[in-house]
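Two forms of a single protein chain come next, each set out by itself as structure tokens; they are called structure 1 and structure 2.
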Structure 1
């Protein structure tokens, strides 16, 4: 092959859809290409004219228009245009004009159709538009993930073992022994009308019956756990895993309508997914001191990498990592109370930020706070809660959760306050949205009560949902604040890179990608009065309103998933290479597939920010 053709081929295979094309087809394509040079301002394609080529931009920039004259897209090096005309009766659908002097490769119609018939990836790529392409890429990825496709019913290996709620303790223990089960489901009613009312486990019999020396004739209903956490039979195994992680339960009744299909135990999932994050969580609760917790915290990164290599999605990984962080915190609080004695007044320990949203990864610090009962008297009680907060914070730091540089921790007296003070904080931030209040709202309005009187946190969530949704001024100020972080996409859909510092020639996938998305989703969610905390769950809440059309919601879901998973894989690769993971990536370290689809995802973020500016009228209110 001549040197010129080799140069063309080598450029093509750096970009989709040619990067996955068989070598023989690429070589065949290369020999058929015609080269065209156009000056800035040249009309390349006119609407309705006969379509004879698909174009590939070797250098320069081209603007694509709708037939109405509205600008549709700007494309640059490595991107294609003109394919829709070849697919639709050979009439140009989108006019094109050179924005700057450009070198183009023209792929003749006959070659285009030959590739379309003989290469499935090429056909898939040229048939769909950018955002649909992003969705298609994510769909293919999910289909390859066994955890995503295995139903929880796969883990059910025996009939449900149950008993009426009035069965006696001795009889319940006998049933469990005879059947060889670690949990007994307790039912109200009979026959088809029987409904699960509670559950007892081996541990319940030991800790609630034997330890308390209860008579063997005691009704089992006196020690059973009520308020059952269940899961639908149509759920996937990973959803069962996340439900256990989130609720710290080891048994889940699997429901098909009102019928119990079986009970899945932690051991069933651990057996299915040995060495999983659930196994790690189980280990956390068996540790007797901070030294033990620190030792097993080294397994967190291994668990993270394993999930990434199994093609888990970002929601699953973020939830699992948050569940692990939550478990470390809960165990430290238990150990702290054992050391310091019972708390003088009830309290709730809150997780904030990514842990509260179930979007935590391995590069994270600790953001937390305490809500104290309104009977709290600082002079009498605060020494205890300061000591407890410091024990937890120091323990988390030992386990790899670094101290918050902004001092958003329960060790800060400002963030260790009675419920009535928190109500005043939140109300003031919403009614007086000054710069500091907006910053605090971004941090504290992603909250989750993870220990103690968690209903305190639920009350604050309800307060935020009610007041924020009724304050257009607050939403406007939040929206304006959210526009300060923009995606790293230049005018010609090129990546905008850091120009100096240690991260020179990189872009930050968190600060310029997932964070702007989380910010704008939070604002729409607040406007809807949603109580959801996770960004994907918030999108579901938004979809129940008319605030955003379904197509745009789908684009936001896809963009969040794709940017998140590229960030996750970047961190996993760093860990496997023995490097410290971070959020900064160099474009040349990404595959052509990732670069292409990241541009699509960043474009979705940019468009969503334009809608945010319009929806909340951010140009008007300027009195902050």
Structure 2
């Protein structure tokens, strides 16, 4: 640096993050500066334009906007802007406009990245100094996915075709053929007071009416699906997609209050997003044997990678993957029943863990169980259920869902029990908690009925929600377990690394990130008596009780989303590279953006664990 540039250098070093920067770096920085004068009102940065600089305001003032046009920040003398674009895809994220005549120091991208790599303080400052940036980074990313920005009403292209519930089968089929629709909405009442009561589809006609050879005079109400699942007109397309995935329905009436605005079909969304995971789901139901299922299971990873590349958020990806897993399971159960005959007593097939939470990814094993009707007699009935459980479990293994190493599967007699036994299990876990026992049964507290008499699972959920919130001892034990796994963050915000199987220094994003987070969210949710299973839904329930302040909940949500999405992207990259995806990440494989946001997110986990420890007054135990 020319010594004569000292005036410029001296201004920089009076301001963060240049005040602590080693002299040599500041000198390099000073020399790289390009000075530019801008008049008040000048647009300095436009959204989407390639970013080439970080800006330092030498004099004057600059306003930073969100893409929506809303004012985000005001930047004055000695402050910086434009760093976001350099960190993310090198595209301008926040438009900037001069509020006053300003003299700007432009720091070229190369210099910026050099400083980022060589000065930890600088890296932290440009990334972490303002926590809300994590949130804006996330919401920005989500905005780019059309499924998340377009309303479901956009898919409605025609008038709703409906008929009264007492219409006969033959007439219903004729209306559907004439109008060329795959679903007919059935209405109770007339005129103004008409309310949708149910829906029948092509598939219902085939599977229920034709195969069972019902007389054509049968009223459709006899075969109509009960408990009509609808969606609000204000919902986004991805919510419709999640609703279909979760409930395994292919038609959703769109409601505006009591009024039906239209019906959205699976095909509408598939058309919208040509290769969506919904398409895969519908394909699953067309498979006639395990071999066919195995064949299309290869598409699961493609579907996953595509969603990642389309900037879907973790909730959407987790739900879609869980929906796919659920569909495989459901189809296997249908095929199993075809093979073994109808079940001797009713039962419910239950998903546990990540599938139940709608947080499944591609590296996953099967965790499931069966709740049998209380009329179950082991000697008479168990052979059937064992055979069915085995058929499903083997089929899932064929489709890439490996056997559970902890043997939490319906093939294990312990987890294939009548409802009354399940009630006793949960009652015992909650009323006589032992930390060791809970460590192994933790997974049962994320449960979801996915086939058969799902109301059995609902009953267990209600029991848990009711008892858990009243048992401080149970919550304390659960909290103790939840504190076993800590985020990989050392003193001075350095990553704490472990050696993975390949002898590389890594940290595990699941064990050290998403798992401890979902553990602690589960405990707060149980304490609130919430029935929710998904972590984001649980956070919403917690929010209603004011158990945790809104700011902290927001941070938890952001941290979960960010760690999840980094984990998801890591897996997608492995798949694209033809490698076996896992959860072990080497810090050097992450972008500077991901590294510094991850530290921020891990800090949130760490703080949340401190809060949990304080709230349940648990001793620190470390037995990772």
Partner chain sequence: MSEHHPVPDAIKHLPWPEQYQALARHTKAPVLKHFYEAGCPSPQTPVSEVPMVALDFETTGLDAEAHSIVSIGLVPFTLDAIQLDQAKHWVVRPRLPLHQTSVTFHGITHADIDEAPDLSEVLEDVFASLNGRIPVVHFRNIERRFLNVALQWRLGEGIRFPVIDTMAIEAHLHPDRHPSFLKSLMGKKSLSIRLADSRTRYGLPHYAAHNALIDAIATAELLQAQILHHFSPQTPVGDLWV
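Here the structure is a predicted model, which is why all the values come from computation and not from measurement. Positions refer to the first chain, counted from 1. Here, rigid core means the biggest group of C-alpha atoms that superpose within 1.5 Å across both forms.
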Inset, instruction - Pick out the form predicted on its own: structure 1 or structure 2. - result: 1
Inset, instruction - Determine, after fitting the two forms on their core, whether residue 168 shows a C-alpha shift of 2 Å or more between structures 1 and 2. - result: yes
Legend entry - Threshold 2 Å Cα movement between structures 1 and 2 at residue 53, rigid core reference: yes
Inset, instruction - Compare the position of the CA of residue 188 between structures 1 and 2 after a rigid core fit and state whether the shift reaches 2 Å. - result: yes
Inset, instruction - After lining up the core, report the Cα displacement of residue 68 between structures 1 and 2 in Å, one decimal place. - result: 38.0
Inset, instruction - On a rigid core superposition, how far has the CA of residue 29 moved between structures 1 and 2, in Å, if you could check? - result: 3.3
